[in-house]
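Listed next as structure tokens is one chain, alone, in the form predicted alone.
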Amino acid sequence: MSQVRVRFAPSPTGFFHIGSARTALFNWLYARHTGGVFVLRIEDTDKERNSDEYLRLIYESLTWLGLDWDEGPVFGKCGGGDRGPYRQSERGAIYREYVQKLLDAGRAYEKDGAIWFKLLGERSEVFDEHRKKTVVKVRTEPVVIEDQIRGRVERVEDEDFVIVRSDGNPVFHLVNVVDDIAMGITHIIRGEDHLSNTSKHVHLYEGFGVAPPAFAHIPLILKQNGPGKMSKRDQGALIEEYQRRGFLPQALVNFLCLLGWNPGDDREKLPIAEIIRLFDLPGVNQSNARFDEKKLAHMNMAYLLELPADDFVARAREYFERHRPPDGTSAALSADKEYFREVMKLSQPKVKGVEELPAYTGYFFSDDYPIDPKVRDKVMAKGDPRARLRELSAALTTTSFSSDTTIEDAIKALAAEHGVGFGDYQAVTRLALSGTNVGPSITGMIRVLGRERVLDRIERFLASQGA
């Protein structure tokens, strides 16, 4: 078997869609699984919609996801190769050469200023009721596609079709086939919505006297709610959104793998080396995959938990830097670096993504935090929370803050002394220190805030409650 060569061929006409990322990923995985070559080819013939900004976004998004390409435009450490140019806008002479081959072989002809591909078969004129005109129909044998995911598919083409428009620009069908021939592509892995094009492409391969590559049409990604394919307008559809929100690329890659493929068991979180080892086209599902941002967030949280503390803190600081308020001030970034680090370490097991950190940790960096009235009413209505706070405040003046354990032991001893439970101190203390009822462990919160802040906040809270 010859070396596998696959390609990803995006157009730089908009933001990088999660469906495009999944297509690139499946091609990349198959190349890595088989020891093949992953080619990046840019379909940039739409001069009106193309943008250098969107082109760079493709390169940056693929790089961020770790999908390095072996051949293609040079960007960073990726690209190069001897089958270029790898941008369709630079391949005009190649397309003209291939069109001339079809004209010379009698498989193409000019009509109405355009160039048409000629199907082989008996011809007849038929009045088309839908288009309200007479058209030439061609009786051809069905094109049989042995799709490596969808199985046997038959489609019939019964009309000649345009391959070069009257303005001289070649159409999608022609340039894709020509590029795949010239670049030696052995497997075409693309979205199911391209299956309807495949019969035309097979006819073109036949016209050039070249055996078609293997086809594998992957399932569509459906929007989170309701019917239909996920579009660029749907929430969660753009890769750069996840970069901006501080998601881990390895979590997103793992999640995307599971949109239409599974490893053959119940595992979901797998290292990329294991995914590469297991990935193969027969394991790709035929049924469409529904996008689930909650599942992605859970996956991201699982990867965040595994990050070394220093890596997590660095990512947190980078996120705070990128999302400074308009006036440039940031209490978190102005705080002592070791204090910032301790706050982030305490938060790491609790957040699903670094984007939650500013809201989650706000009260660590400012004494001006709101008291949630609903939480206050609920906490203050049970037992004698004011008494518990006064008792805890007195005990914490002499308690060691050296570890969570010393603080926990002090609270437990206090609870036993007054015949109450640990929880009787926990809820009201959390309310006084943070204004809410959610957050990291109460002992960790007390330790990181430090004795001075804790005692001051308890005193201010009690004063606000008339105690």
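All residue numbers refer to positions in the sequence shown, first residue = 1. Please read these numbers as outputs of a predicted model, since none were measured by experiment.
Beyond what is shown, the protein has a form predicted together with the RNA; the following relates to that form.
Q: Tell me, which of T397, S89, S166, S366 has a heavy atom within 4.5 angstroms of the RNA in the predicted complex?
A: Here the answer is residue option S166.
Q: Have a look at N285, S124, T134, Q100 for me and say which one sits with a heavy atom within 4.5 Å of the RNA in the predicted complex.
A: Exactly one residue meets the criterion: N285.
Q: Honest question, do T45, F172 and K295 all end up within 4.5 Å of the RNA in the predicted complex by heavy atom distance?
A: Heavy-atom distance to the RNA in the predicted complex: all three under 4.5 Å.
Q: Thinking of the RNA in the predicted complex, which stretch from 273 to 281, 202 to 210, 316 to 324, 216 to 224 has heavy atoms inside 4.5 Å of it?
A: That would be stretch 216 to 224.
Q: So, S393 and the RNA: in the predicted complex, are they within 4.5 Å at any heavy atom pair?
A: S393 lies outside the contact set for the RNA.
Q: Would V438 show up as a contact with the RNA in the predicted complex if we use heavy atoms at 4.5 Å?
A: Close contact exists here: in the predicted complex, V438 approaches the RNA to within 4.5 Å, heavy atoms only.
Q: I'd like to know whether R430 contacts the RNA in the predicted complex, with contact meaning heavy atoms within 4.5 angstroms.
A: Because a heavy atom of R430 falls inside 4.5 Å of the RNA in the predicted complex, the answer is yes.
Q: Consider F422 of the chain shown here, and say whether it contacts the RNA in the predicted complex, taking contact as heavy atoms within 4.5 Å.
A: Yes, F422 sits close enough to the RNA in the predicted complex that at least one of its heavy atoms falls within 4.5 Å.
Q: For the heavy atom contacts within 4.5 Å of the RNA in the predicted complex, list the residues of 184 to 209 involved, in sequence order.
A: Those in contact are E192, D193, H194, L195, S196, N197.
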